[in-house]
Every structure is written in C-alpha cells, then in structure tokens.
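Single chain ahead, written as structure tokens, the form predicted alone.
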C-alpha cells in the first residue's frame, strides 16, 4: 500500500524532517499489516527494516534458552527496528505483534540509501537508536535496583501516561499482556506478579478484569515505582 507523508505525523523524529525528505521517504516506504502473534522480525535475523507503528501494539523481547525478557511495549507513534543496520550485526531481539498491527516500513537497503542521501534523516535515525539505547539502560537499572513491586508499578504508570483513557474511577488501559508476560517484563515469574497485582488490588490502587486494568490511584503507583531496593 502506498504511503502519504501524513502517516509520519505520529512519529516525532520523522515528522520533524524537511518536506523534501519526508516526500522521498514516502515514495519508497510501504504500509504493511501484521496479524496478532506474528513477528515483524526475529532475534538473530540480519538487520531488520525500520518500522513506524501506525496502529496496534508490539512487544520487543529477547530469548535466552528457556527464559524470555520483554524489553519494551510499543504503541502507535513509536519506531522500531534497524538498530543493527549501521554495523551489519544480527537483530538483537524479536518484535511480535500483540494485536493486529499496521506499520510504515522501510527495508534495510532502501533505508540505507535514504540515510546516505538525506543528512537530516540520518540525524533523526541516530536519535531513534539513541532513545532505544537509553530505554534499555533504564531497564538494566530497574532490574538491578528496584524490586518486583516497584518495577510492576513503573510499567503500569508508563502505560497509563502513554495510552490510558480517563474513566469515572481512574485511568483505564487494555490488559494486553498475560501475567506470565508481565513477569517477563519485570524479570520474575507469574506467581510473583499475581501476588503483586493482588496487593495493588487490596490497597485499592488497581482493579483487573479479563480485558483491562483500571488504575484507581496513579499517584500512589508512581510513588511505589520510584522506590529503589535498599
């Protein structure tokens, strides 16, 4: 499917490029859709395409033997992929559609050509890679210095701030992840996540349903998220 420059409006680094650069990108990009559960690319693959997420949610995760670590949850407006393009290394993680997804896509060869021809795009691409690196550095810090309850609170606060909708009783977010996946995101097992959610519910901070999480006290969760293990 052909791409119009209007689709870049949700991705700030791309939206800030010159009109000429945006037109050149649009001429060579395609809009691709993925079904829920499909991989956009896989850990160990050659450098992937660059994706500008238009709709749906994607999880970035890394597998080591029988253990999985979810690195990030991405929402519309986020960019992903192509981090290993400058060095030609293998893709460092897998990107999987949590819901049906549509994304503007630039294959590696086309992306490299555009980067060579448009210095402003090259700068934007470097900013994207830098922001992803900063996100991973923050994840390493959280895994090392915060306990599970704090890390889970941090995930819920981030989701509320990015994609939550105002509800009569608080802020509502889609459930998206199973408790097993929440465990993979905060570095623990499902049973520990269950107990943490139960404590949040008992304190009146959240209410869980099959499809959603109602965050009833965002400020209390934010205070928990900022705690570091002693």
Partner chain sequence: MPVNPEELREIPAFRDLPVGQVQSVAALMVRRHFAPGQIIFVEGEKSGSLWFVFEGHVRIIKESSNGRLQGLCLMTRGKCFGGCPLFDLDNNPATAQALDSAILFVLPGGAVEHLRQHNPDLVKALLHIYSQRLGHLARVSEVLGSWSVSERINDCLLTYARHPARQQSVVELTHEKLAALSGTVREVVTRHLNLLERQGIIRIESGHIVILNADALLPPCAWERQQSAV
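Positions refer to the first chain, counted from 1. Quick caveat, the model's predicted, so the values are computed rather than measured.
What follows is about the form predicted together with its partner chain, which we do not show.
The candidate spot formed by 174, 182 and 191 lies out of contact with its partner chain in the predicted bound form, as no residue has a heavy atom within 4.5 Å of it.
The contact residue chosen from 154, 160, 115, 79 relative to its partner chain in the predicted bound form is 115, the criterion being a non-hydrogen atom within 4.5 angstroms.
Put simply, of 101, 74, 71, 106 only one has a heavy atom within 4.5 Å of its partner chain in the predicted bound form, and it is 71. Although the partner is absent here, residue 28 sits far enough away that none of its heavy atoms falls within 4.5 Å of its partner chain in the predicted bound form. Although the partner is absent from this view, residue 6 stays clear of its partner chain in the predicted bound form, with no non-hydrogen atom inside 4.5 angstroms.
Contact check for residue 36: every heavy atom lies farther than 4.5 Å from its partner chain in the predicted bound form. Although the partner is absent here, residue 55 is not a contact residue: none of its heavy atoms lies within 4.5 angstroms of its partner chain in the predicted bound form. Screening 55-63, 174-182, 199-207, 28-36 for residues having heavy atoms within 4.5 Å of its partner chain in the predicted bound form returns a single hit, 55-63. Residues from 126-164 that approach its partner chain in the predicted bound form with a non-hydrogen atom closer than or equal to 4.5 Å are 126, 127, 129, 130, 131, 132, 133, 134, 136, 137, 139, 140, 141, 143, 144, 145, in the order they occur in the chain.
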